[in-house]
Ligand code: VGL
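Take a look at this one chain, the form predicted on its own, written out in structure tokens.
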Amino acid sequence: MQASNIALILVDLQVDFMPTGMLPVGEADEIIPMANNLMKDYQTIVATQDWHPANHGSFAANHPWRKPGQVIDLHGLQQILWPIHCVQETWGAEFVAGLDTESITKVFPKGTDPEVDSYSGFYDNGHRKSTGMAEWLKEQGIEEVHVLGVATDYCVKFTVLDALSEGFKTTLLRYATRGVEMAPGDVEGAIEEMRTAGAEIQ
């Protein structure tokens, strides 16, 4: 059993990010049994959940003549356009059926504001609004977090970087993450960025 001041963060283990989903991450399904096994060792487990309104500004389909992968300015922030995914109250936004959700202590939805995307489980991409996760973890006496999930080069990376900036000792459980890798080297670059920022890589 891990110390009570350490929390496990599960990032976006949702249907739409699995290999058969709307925004597939290769081999993401391999993380689910690892997550279930790891959860047995933690007293506090939090999960982030992409929870987009259908009119979200990050969806390419909401911009005429735009397609996924293009970059636009979205209310002052650079925004990569994505396929429609993890829309609120849809099956694709649900946690994967095989995930042991009974062991999750608390879920933090993100990406709920149509005007700004949220890769991190802590803040939106403009750091304009907090999800409340940092405050909640501190209230529980958490001083250290271990992070797994998808995608290594986006939501996992920004969750790790924000955890560090909030003062948590942070470990990336690299073997239990998978990346989008839109360009060759994105995953390795993200891991190096997390390491440089102060994260321990396992």
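Keep in mind it's a predicted model, so treat the numbers as computed, not measured. So that there is no doubt, residue numbering starts at 1 and follows the sequence shown.
The protein also exists as the form predicted in complex with the named molecule; that form is not presented, and the subsequent description refers to it.
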- Spot the stretch among 80-88, 67-75, 128-136, 97-105 with residues whose non-hydrogen atoms come within 4.5 Å of the named molecule in the model of the complex. 80-88
- Task: With heavy atoms only and a cut-off of 4.5 Å, decide whether Asp16 touches the named molecule in the model of the complex.
- Result: no
- Task: Please check if Tyr119 has a heavy atom lying within 4.5 Å of any heavy atom of the named molecule in the model of the complex.
- Result: yes
- Task: Using a 4.5 Å heavy atom cut-off, state whether Leu23 contacts the named molecule in the model of the complex.
- Result: yes
- Does any heavy atom of Tyr42 come within 4.5 Å of a heavy atom of the named molecule in the model of the complex? no
- Task: Scan Ala151, Ala47, Val145, Leu148 and let me know which has any heavy atom within 4.5 Å of the named molecule in the model of the complex.
- Result: Ala151
